[in-house]
Every structure is written in structure tokens, then in C-alpha cells.
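First comes one chain, alone, set out as C-alpha cells in the form predicted on its own.
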């Protein structure tokens, strides 16, 4: 995306000559690399596309400094240039909690090494995708800048599209495959969703995330790269399985991974998606913030533009707003933009700290959801290996209590039985998919033990007892905490993970909850 590098490098070459009286045997040549550079890197996945990263460089003797251009703030670089060899490293900022969004972890440093040859920098880059090769060429400052903003529509309340009356359930490619997703893997996930029984459990969307894009043809139509030779044929295959298919784009000129976005082509892309047979669009803000402000009216207009375009296709397409909770999207403008779900957090990671922090931060937002319009705390990491089975059961339980979308992110072809038992627990899924949405309530939060309650459409309640501590804990839940509608009535209590009735002697349920674990109960009138 729009990133810049500033390299001022001094290149000394020694010219060796024959010894001729009166002629110097050597001469010093200087190359000044001050200015702007475009580092062009092949995208991972061998799809034939490239990512442009922009730098600006400064020099002081053998030392270089400068900036990897990234808006709104660049990332500093530091390094050296000596004897024709260049080396520099990005210096990511520390985590920041200065805004309303969840703090983002410091990004990993990127290491650039290479040489100056024939006016270019020949580089290798060490980063999250391993070692990549790149060529850097001079560009003007203007080339590093994003395009000018385009006019946005006047704000209006778009009608409800009638979709996603319960939180969407499905699978997304990013968590497991990232840039390596392709036609074959998507077909395999569709096959596995059916053969595993997930489709019968309610999972129906097979969603392709970033890196499917190539560019645009002579008519401005978005095109797929060689990983996806025929998107309509792929959609037809998924539909024949009884499933639905989703795709990904951005309101900016580039996606998060640096591929073609929908900027200036919203209506055209919506028509293309509809013609392909797409049923779900994840619309990721990314480089949109290089161009537009972050205030609520601007973000509403950005998402309204695509929302209107989707409606005009007359195809039912679930609309997922991925803007990371900016400008309090849950307070109304997400639904007004025709959004069926909206991200409320930064990206989740496959570890306890990330899932715990994201999940429990969502309880206070629960009143802002309603059928057709859901808070989205990001995808499920269940089965990806970074957490224990108890932690994954907490993940599934908490997302269901929140009525969050259940979008799996693991490899469905190789699921262990334990992973299947978590993702396909029909009693937990029923909490998430309850047809009469009533928000979760925090009954207590004491020394790492969280007790949550969610009323259900049939008058019963779901109770979640969560242990956020690092040791097993003795917990209890008393009948006095039940709503008035259950007071004085004969009740039954069922453990939704053990799939069995449990006792509540004397009106008190007691259990040992493992570290980072959960007990999920359903309390009903007999």
C-alpha cells in the first residue's frame, strides 16, 4: 500500500587504470540515492501480482535513515550503506492505546539487505512471509501519494436488506491460508464443510478473503489472478454443494495485502460480484483511510456507497463491514449503510490473550445488535493450534453468548475430533442462533470469574461461567440470579458441554472450572 522509503546512499567505485605518468590511478565516483523509491515485491502465493512499498531515504556518512511511507504515520527506518551494500530495518512503533480502538501489537521489523546496481536497489526482505526478493526504483514524491478523494453520496438510511436474521455462520480463508488461498483450497473447504457435517450444523458460507484480485481489464472490470481462473465456475461449484460463497474487497485503491480495491468502481464491482454469484461481501477499510477521514459521517458514506451498489444488483448479498470498530460503528451508522455485520475490534490472533481481551470487551456492546445487524468481534481461531481445548471451548461459548458471527478459520479437511466437537456443538450453536435476539448480561465479574446470562426466546436462559484465571477455580451459581420469569418455578439445568442434566441442590449449582475454561448451562422451566 502507500509506503515510502528514503535512501540517501553514497556509492564509491574505484577505477583501476594502467600506470601512465601524469594520470591518476583511481577516481572516486559518487551516486546520490536521496529521494523516493518504490520497492516492488512479489506477493506470496505465486499469483503473478506485486506489492508496491514506498520509501524515502536520508544519508549521513555511512548511516541511512528515513521513512517507510504508511498513512497516517510513516514507519522509521535505520541502517547503513557502505561499499555498495545497503542494509536497513523498519522500526515499528510500540503498542498504542491512545485511540478508542483496541491497542495493536507492535509490528514485526522488516529487514532489507541488498546492493545498488545500474540505478536500482536489488533487495532481499525478511518479514512475516519469509525471505522475499525485490527491486527498488526511483519515483517522484507524487507517485507515493494516494489518489484524491472521490465525491461521496449524501447520507441516507438504506433499507434493511432482509438478510442475516441470525448471525452468519461459515468459514473464511484468511486465518489459515492468508495469501496462499486458491481455487483448489476453496473447493476443498466446501467439500469438507459438507462431509464433516458442518453444513448441517448451520455453517453455510465459504468466504474468500484477500489476495484473489489481479487488476482491471480495459473496461475497468476487476479481474482475478491465476490462483482463481474462473470465479463464476467456483461459485457454481460451491452452490452445488448447497452452500453460499463470499468474497473480499476494500473501499480504498488497495486491499490490506496490497491487491486491487474497489475505489472508484463500487457499482461496477458490485455488478461483477453479482454476476459471479457471490452471496457475501467482506469490505475491508484498509487503504480507504489513506484517502478519507475517520469520522462517522465519512465512514458511513464510504460504506453506504457500496451498500447501495449491492442493493442495486438485486442479488441477496450479506454485507460485512470490516472497519475495526472505528467511529463506534455499532451505534447506528453500520446498519444505516446496509451492513449486516460490522467489526468491532482489531484482528484476532490464535492465542488466549487476544481472544480473551477481544471477547470480554464486547459485552458492553451487546445492546447495539439486532436481527440482521450484528457486532462482529472477528473470526474463530478454533482448531488452529494456538490455544488449548478449554480455551477454544471458551472461545465458542463466549462468541455464542455474544450472538457473534461464527466464521471458522481452520483447515476443515484435517480437523481433529475435538475440534469438530467444539465447532459443531449444536447446543452451543443454538444459543448463538436463538431466533429472538436478547443481549447477554453480565451477572458478576469477580477476581477473574465472569458469569454471563443470555435470555432465550422460549423463556429459558443460558448461563456462562468463565474462568479467566491461570488456575482452576471453584465456582457457584445461585437460583437467586435467575430472572423473575423463572422465580418460584420448577426448573431443569443442563450442562451444554457435557450434554447432560445437572443438579442444583438447595438452589445452588457448584462446579470446578478449569483455567481459561467455561461451564455453559441452560436453565429452563420443566
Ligand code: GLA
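Here the structure is a predicted model, which means the values were calculated and not measured. Positions refer to the first chain, counted from 1.
In what follows, reference is made to the form predicted in complex with the named molecule, a form of this protein that is not presented.
- Against the named molecule in the predicted bound form, the set 174, 210 and 284 is in full contact: each member has a heavy atom within 4.5 Å.
- A residue is said to contact a partner when one of its heavy atoms sits within 4.5 Å of a partner heavy atom; residue 440 fails this definition for the named molecule in the predicted bound form, lying far away.
- In the predicted bound form, the named molecule sits within 4.5 Å of a heavy atom of residue 257.
- Although the partner is absent here, residue 324 lies within 4.5 Å of the named molecule in the predicted bound form, judged by heavy atoms.
- Of the heavy atoms in residue 347, some are within 4.5 Å of the named molecule in the predicted bound form.
- Put simply, of 227, 395, 454, 343 only one has a heavy atom within 4.5 Å of the named molecule in the predicted bound form, and it is 343.
- 379 is the sole member of 379, 382, 245, 190 with a non-hydrogen atom lying within 4.5 angstroms of the named molecule in the predicted bound form.
- Heavy atoms within 4.5 Å of the named molecule in the predicted bound form belong, among the stretches 420-428, 156-164, 114-122, 316-324, to residues of 316-324.
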